[in-house]
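The chain below stands alone, shown as structure tokens; this is the form predicted alone.
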């Protein structure tokens, strides 16, 4: 199973990132879990300087922006276990 974490305080961009991830995986047969990480101390562990952050299987793949769906799918294919 792929573990996807959305790092951020719950701002609009964090919500948009979560929706983009969900939309990108709508037709995907991949089993995944989305976890929202909102605690600043927990976010700091990942070493990102701006949110939203996107983590797949404990690897930071993006932060400070909302990636395009195709890029999200590329990461999903790379990090699925």
Partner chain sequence: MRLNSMLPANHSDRRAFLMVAVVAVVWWIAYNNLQPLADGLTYGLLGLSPQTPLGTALNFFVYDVPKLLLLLGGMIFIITVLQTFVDTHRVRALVEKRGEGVGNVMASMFGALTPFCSCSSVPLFIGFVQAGIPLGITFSFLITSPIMNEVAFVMLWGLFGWEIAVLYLISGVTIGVVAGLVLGRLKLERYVEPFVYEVKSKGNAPAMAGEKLSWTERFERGAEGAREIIGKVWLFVIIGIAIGAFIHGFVPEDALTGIMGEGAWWSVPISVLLGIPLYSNAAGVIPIVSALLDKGAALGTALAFMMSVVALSLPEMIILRRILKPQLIAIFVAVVAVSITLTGYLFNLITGFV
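Positions refer to the first chain, counted from 1. Remember, it's a predicted structure, so these values are computed and weren't measured experimentally.
Not pictured, yet referred to below: the form predicted together with the partner chain.
Taken together, the three residues 31, 33 and 70 all stay farther than 4.5 Å from the partner chain in the predicted bound form, as judged by their closest heavy atom. Taking the partner from elsewhere, residue 58 is found to have a heavy atom lying within 4.5 Å of the partner chain in the predicted bound form. Remark: residue 65 counts among the residues lining the partner chain in the predicted bound form, judged by a heavy atom distance of 4.5 Å or less.
Using a 4.5 Å cutoff between non-hydrogen atoms, residue 50 counts as a contact of the partner chain in the predicted bound form. Shown here without the partner chain, the chain has 38, 39, 40, 41, 44, 45, 46, 47, 48, 49, 50, 51 in 35-52 lying with a heavy atom within 4.5 Å of that partner in the predicted bound form.
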